[in-house]
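Next up is one chain by itself, shown in structure tokens, the form predicted alone.
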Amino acid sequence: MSEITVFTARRIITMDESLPDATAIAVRGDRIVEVGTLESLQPWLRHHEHVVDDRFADQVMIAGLIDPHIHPSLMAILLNCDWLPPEPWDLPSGRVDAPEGKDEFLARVGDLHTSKPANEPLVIFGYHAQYHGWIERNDLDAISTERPVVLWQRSFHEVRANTAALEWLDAAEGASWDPHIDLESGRMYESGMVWALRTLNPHLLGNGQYKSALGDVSTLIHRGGITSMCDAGFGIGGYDQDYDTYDAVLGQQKTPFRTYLMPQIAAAKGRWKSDTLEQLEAWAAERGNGRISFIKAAKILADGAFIAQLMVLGEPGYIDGHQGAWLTEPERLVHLMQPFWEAGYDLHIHCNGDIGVGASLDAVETLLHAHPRVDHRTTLHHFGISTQAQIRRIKALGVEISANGYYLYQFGDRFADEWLGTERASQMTRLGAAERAGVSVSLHSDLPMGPAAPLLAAQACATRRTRGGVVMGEPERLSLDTALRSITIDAAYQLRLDHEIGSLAAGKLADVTVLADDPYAVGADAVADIAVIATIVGGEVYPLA
């Protein structure tokens, strides 16, 4: 029997309501033996060999932070692009500053063009019309008519291309059947963007670039203090390529976090067609190791992207009158979900607009009537715009919410001005109402949509303070306690992993995040400023540089 290691701290926040606070935690192997104090642990310590590790005696421990919705493959793709986002980012390669306005943005694109070898495709991530102006094919042709120039919109769901890039992406063929490819403007969005991926993915992920970039993604995840994350849409980059690369980079015992894989149904159906469920299960059964696991859950896509404002809205719609887009038309949602629902999978639905939320709830209600299930844990992801009536319906149907903790923080001010108006923009990610109704809430980054920083997500939703310093929709604040639960035990619950992770208690996995200060002591306004000192995963310590 292995030796017990006792970690001490000035405070241990267990996220377990039966024993909320402690100062010592005993670990044997990868499991917790007991949580308490050095004195209360004595019955164990008197009978077993043990060591006391007090390197974190002056720090604060909390149950390992969880991000239940990350896209490692998408972030790896984008790390191989040049970045010109509307907000600063700290990437492994260094800090990226944000250009302001159309002139500065296009000037920066021009600088990148002149710095690259001739005719090498230039792919830039981060373009956003509300920050950088409306840019189309002719603007990019003014920079170059020979080099392919692609602007990847800040949401990932859209690209803008010059003439040379449209030829490179074979856009004319796609436009013959896809209404989301506009050759005149050079705009390719949603399904049109997926068409562009046929060319972009091999260009950006070949020659060992995928493994290298995925290593950088791992660095970002660890930096956020995350001990478990879920790829909520696994398979987007191709099942075999993604898994083999994940296994090589994220599946190692030295990886400082656990990876859980949630298949995306549309990608699975593209691979396995009519017998998708059976083929997917057989494929997954042959894979998975100690650091990578498949969960019995599936990802569904309803309406379009929030950041690109392609979500489907009810009246009064968008201020400028444009329309959102469906990724799965409402009449197809039940058909897509039903086999997985009947097989006992938990369904996680990407939906952003109030019409998208409503269509998702309609589908769940139809399935509940046709094939009743207890404790189905269906979760709505992102949850951009909703109504109070939908909160009540979510509660009645037993549905959960996993919200993007970055939407309001980065985009609240701008989206009020041009697209949504003040009322709906200030009430995006309507989580205070969900908390009051007793609906389970988790927070995610949707990396690359937001940084893998759970403490930032918790602070943003507990304060509803934007990057510009404006408090929007104060009644929709989460309490600090619920915000911290949303990145620990409630996130684990929605992934049906709360028996293993999310809180610190005897028998559970020894996954801990070590912080420089106490979130409850510093308060909601300063949670994101707390430094992450280390993570502990399965009893192994992984310090941050």
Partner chain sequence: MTVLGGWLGAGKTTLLNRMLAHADERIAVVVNDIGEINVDAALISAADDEIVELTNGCVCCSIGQSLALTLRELTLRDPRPERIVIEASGVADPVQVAAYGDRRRVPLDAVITLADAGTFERRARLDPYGPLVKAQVAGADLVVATKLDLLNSDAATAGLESIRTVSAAPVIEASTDPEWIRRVILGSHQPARRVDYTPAPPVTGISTHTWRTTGPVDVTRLTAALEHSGLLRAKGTLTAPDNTLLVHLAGDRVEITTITDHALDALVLIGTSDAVVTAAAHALDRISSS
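Here the structure is a predicted model, which is why all the values come from computation and not from measurement. Positions refer to the first chain, counted from 1. Only the largest set of C-alpha atoms that superpose within 1.5 Å between the two forms is called the rigid core.
The protein also exists as the form predicted in complex with the partner chain; that form is not presented, and the subsequent description refers to it.
Item checked: Proximity to the partner chain in the predicted bound form, single hit among Ala298, Ala363, Ile181, Ala434 (heavy atom within 4.5 Å) -> Answer to the contact question: Ile181.
Note to self: Under a 4.5 angstroms heavy atom criterion, identify the one residue in Ser218, Thr163, Ser191, Gln427 near the partner chain in the predicted bound form.
What the structure shows: After the contact test, the surviving option is Ser191.
Check: in the predicted bound form, do Phe234, Asp240 and Ala266 all reach within 4.5 Å of the partner chain through at least one heavy atom apiece?
Finding: So, no: the whole triplet misses the partner chain.
Next item on the list: Please check if Ile355 has a heavy atom lying within 4.5 Å of any heavy atom of the partner chain in the predicted bound form.
Entry: Ile355 belongs to the contact set for the partner chain.
Next item on the list: State yes or no: in the predicted bound form, is some non-hydrogen atom of Glu173 no more than 4.5 angstroms from a non-hydrogen atom of the partner chain?
Entry: Judged by the heavy-atom cut-off of 4.5 Å, Glu173 is in contact with the partner chain in the predicted bound form.
Next item on the list: Please check if Ser274 has a heavy atom lying within 4.5 Å of any heavy atom of the partner chain in the predicted bound form.
Entry: Output for Ser274 is yes: heavy atoms within 4.5 Å of the partner chain.
Check: How about Trp177: is it within 4.5 Å of the partner chain in the predicted bound form, going by heavy atoms?
Finding: Within the cut-off, so yes.
Check: Of these, 148-156, 331-339, 97-105, 390-398, which stretch puts a heavy atom within 4.5 angstroms of the partner chain in the predicted bound form?
Finding: In the other structure, the partner sits against 331-339.
Item checked: Partner contacts for 213-250, taking the partner chain in the predicted bound form and a 4.5 Å heavy atom cut-off -> Heavy-atom contacts to the partner chain in the predicted bound form: nothing from 213-250.
Checklist line | Core-aligned CA displacement of Arg198 at least 2 Å between the shown form and the other one | finding: Where the cores coincide, Arg198 still shows a C-alpha shift between the shown form and the other one that is 2 Å or more.
Margin query: Using the rigid core as the reference frame, would you say Ala172 shifts its C-alpha by 2 Å or more between the shown form and the other one?
Written below: Yes, because once the rigid core is superposed, the C-alpha of Ala172 moves 2 Å or more between the shown form and the other one.
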